[in-house]
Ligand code: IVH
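In the form predicted alone, a lone chain appears below as structure tokens.
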């Protein structure tokens, strides 16, 4: 394929993939299967790998993230991103509307009403239809540039239809986490022994602060547009016209949406939204009222912090009293015992609530929650049922404080083994590696898509395999036989339901393929405490296989670190350039696991099965890999710090890898410690800062000359 042919094919594939993205994520009307989509995606990846200079920063392949940033740049807003003043009653809404009538001298004022989304405000800037950059609200005048993270959000178009896009368009909206994604993420964090997020807004903000956009791509972020910043080449006169443009461009607008020109209409819309908001796929705590006409908006103006043409009515959180009948204990994948309040059913924020998590013993003690109490229930962030407080004047006289340890008599409710609470931790845990409740959840993790991706083993199959003692540990899966699996009963003795030969064959086939899965997938699949995807990948970079990991001198040194120590200051660890995902806690957890009976059994069982997972990203000492033949130095940038900006001839990740391989260090922001700014087309703000600090600005040609290329 010639260069021109490759360029045309990259453009064709990018356009087709964006089309299918819009159909799938915005309209829920996919035209092709996941398999066909994945094939198109892979074809584009291969072409971009062969022709990196033709790869666009807005390619659909950037949805999975790019290179790790060392920090966020900041950028001024071209139009200030102001807050919206809150109102808390119908009377205050009336006062707001009266001010509009007085200041405009009109009796009928067209306004719009839409939900106030519980997320992170951000502005997306498109130049000639291409996403140029994205920035958070920040202090309203200046925010963090989060372009790489925003590119991973599937509902954000990276390119707009050329025939409809203005020359310059700034779309403002909210980045948020949908309800189900938020709930699933908290379950995963609780299982991993990590603190849960209090609400979706905190979770979204936390995700956007990650410097590794590959990790951001794994978070269930979404985007909805609700406002206009700067626009060049468009002749819009109202909010309604702006929403019409959004729909033409494939940018999701805020929904539901009302138009009215009277106070009664506004109050009716607020009441209707209150009924509908509990069924929305995101958290909302208010209704935003805006003057429709842009001319009138400009006439009304703004204070130093908020526009005079908008207000946000805030709904009070709905709370209900109900009876706490009993407490049950759930055992998670890592053995954590989680107390759950079983409630007298009560209708709260649009759904009937029967259960609410009590998190741990510390939470129970802090709120003094007891069985038989009348408790106040609220949906945290309008999503997760939570016990807010106890109504103590309704407490039975014979109630007693609730102790998880006493309730289960110090034994795991699943296997009867002793439970323990490690020093410095709040959770009680079952320490029996063979606990059935843990085993079922471990199997679910092991076969998940992000781990070994085993077809045919869902939650029900995993639970039944453990319940019927066909599997007591994850490696037992590799001993299952196709013929026997075909007759495996997923139902009951009275109402049997067989797995079937087709599903059995699928399971055995993918299990056989999984034997050669890379070490990082195996590490994640085992569910070792504190080892998520990023930590698993970094551990696999540092070690060739399980045997080396189990005896790791790197981790042995790392786990001795104290708070405040830096890995790069340690003579032994410095050459490994260990990422932040692997620290002393991870090191201790991994070494303890492989030193335990379960870890030793795993290694022995792997050897027995002839399985030897190898790292597919093994590169423990990046600088050493740059040594040239005969011992001469191939690190002409050793000790030099480089910042990259602007559009270059190759993807920024490739440029960064080149600099790292030559001994240099790449950071995300200019400082007095920066040695060079490598600048392509654009990059104005960094160029200005480099000039102010008298830091040399070099081109790709300059870089090549410096390193003898």
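Numbering follows the first chain given and starts at 1. Bear in mind the structure is a predicted one, so any value in this text is a computation, not a measurement.
Form predicted together with the named molecule: not shown, discussed below.
query = Would residue 596 sit within 4.5 Å of the named molecule in the predicted bound form, counting heavy atoms only?
reply = Contact check for residue 596: no, nothing within 4.5 Å of the named molecule in the predicted bound form.
message = Given that the named molecule is not shown alongside this chain, does residue 121 nevertheless sit within 4.5 Å of it in the predicted bound form, heavy atom to heavy atom?
response = Residue 121 belongs to the contact set for the named molecule.
query = So in the predicted bound form, does residue 309 come within 4.5 Å of the named molecule, heavy atom to heavy atom?
reply = Yes, residue 309 lies within 4.5 Å of the named molecule in the predicted bound form.
inquiry  = Residue-level contact is defined here as any heavy atom of the residue lying within 4.5 Å of the named molecule in the predicted bound form; does residue 82 satisfy this criterion?
reply    = Taking the distances in the predicted bound form, the answer for residue 82 is yes, it comes within 4.5 Å of the named molecule.
task = Please name which of the stretches 284-292, 504-512, 552-560, 599-607 has residues with heavy atoms lying within 4.5 Å of the named molecule in the predicted bound form.
result = Going by heavy atoms within 4.5 Å, the stretch is 284-292.
request  = Identify whether the named molecule in the predicted bound form is within 4.5 Å of every residue in the set 115, 137 and 226, based on non-hydrogen atoms.
outcome  = The answer is yes: all three residues contact the partner (heavy atom, 4.5 Å cut-off).
ask   = Tell me, which of 361, 186, 254, 530 has a heavy atom within 4.5 angstroms of the named molecule in the predicted bound form?
value = Checked against the cut-off, the match is 254.
message = Suppose contact means any heavy atom within 4.5 Å; which members of 160-180 contact the named molecule in the predicted bound form?
response = Contacts from 160-180: just 174.
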